[in-house]
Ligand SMILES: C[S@@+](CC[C@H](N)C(=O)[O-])C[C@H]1O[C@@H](n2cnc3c(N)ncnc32)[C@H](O)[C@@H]1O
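One chain comes next, on its own, written out as structure tokens in the form predicted alone.
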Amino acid sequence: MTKEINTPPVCDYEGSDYQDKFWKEGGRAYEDGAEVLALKRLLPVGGKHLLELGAGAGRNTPRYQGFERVTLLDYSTTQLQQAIQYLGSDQRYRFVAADVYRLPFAPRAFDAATMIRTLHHLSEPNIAIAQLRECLADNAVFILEFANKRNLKSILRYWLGKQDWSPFTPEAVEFVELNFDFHPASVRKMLTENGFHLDKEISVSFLRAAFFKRVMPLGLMLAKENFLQRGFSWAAISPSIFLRSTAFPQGQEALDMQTEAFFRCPACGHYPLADTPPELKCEQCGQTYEFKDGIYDFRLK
């Protein structure tokens, strides 16, 4: 059973026009293309079931074509509604509204997971990563992206006296409410302490500055990005970093927990939680969860 936890605050994009304003109208084609390059380097060829944490409107979801099923998780139902419209009626996709600190999945439910542009909204990322490890099978691949505190811009600003906080210290920095930059060493440590083995690290979005977007066409920017990802990821000074890790086997006790169940009750941790739309009810604590308009809603009110 999941231990009782005090749920930290959640960054809620309910009703937000983020997908349109930031991605479609915000001049972010370079950032999107840079992430495509990283994912091509890190994604496994395929698998059975991938969990996409912080899926939003499904921008990255079509890039997981090698998986038989993909579960999109986001706290916002309006973001998931946009994802449904974007992805269509493909039966490979399942849409779940839930708190990343209280994941509604049984142990070993997934053999892969991604968390892209999500960690930077978490004040307690260690809790979320621990929750994720519980629902991953042994040797599952986890691809994590995070906003890098020790990027070149912040280093230069610090040296020039234009920035108070140091990019070299291990603690996260909250530059806007529920928006955090993390030190690479701290993220690596968090993953290893939660049962992951680090496999590969890629620095991403080297040319994010507006200057480069003004003077270079997109194709040239992405060609240079491809070169920089290959040759300079070791420096870890880009604004964004992708890590690929593998879930360490957890021994006989974990094998004994293996089950055909998929859902678990995020309120009390009981599983199996029967998948009985339009309402799922936990037989242990009595909590009920709604399935409506194609979305499972596991948010605790």
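Bear in mind that the values here come from a model prediction, so they are computed numbers and not experimental data. Heads up: residue numbers just count along the shown sequence, starting at 1.
The following text describes the form predicted together with the ligand, which does not appear among the structures shown.
Between the options 233, 246, 240, 60, the residue in contact with the ligand in the model of the complex by a heavy atom within 4.5 angstroms is 60. The partner is absent here, but in the model of the complex a heavy atom of 99, alone among 181, 99, 201, 134, sits within 4.5 Å of the ligand. Within this chain, residue 73 lines the site of the ligand in the model of the complex, having a heavy atom no more than 4.5 Å away. In the model of the complex, at least one heavy atom of residue 11 sits within 4.5 Å of the ligand. Taking the partner from the other structure, the ligand in the model of the complex has no heavy atom within 4.5 Å of any heavy atom of residue 148. Interface membership of residue 144, defined by any non-hydrogen atom within 4.5 Å of the ligand in the model of the complex, is ruled out. Contact annotation: the ligand lies within 4.5 Å of heavy atoms from the stretch 115-123 in the model of the complex, the single such stretch among 115-123, 208-216, 225-233, 149-157. If you take 266-299 and check each residue for a heavy atom within 4.5 Å of the ligand in the model of the complex, you get nothing at all.
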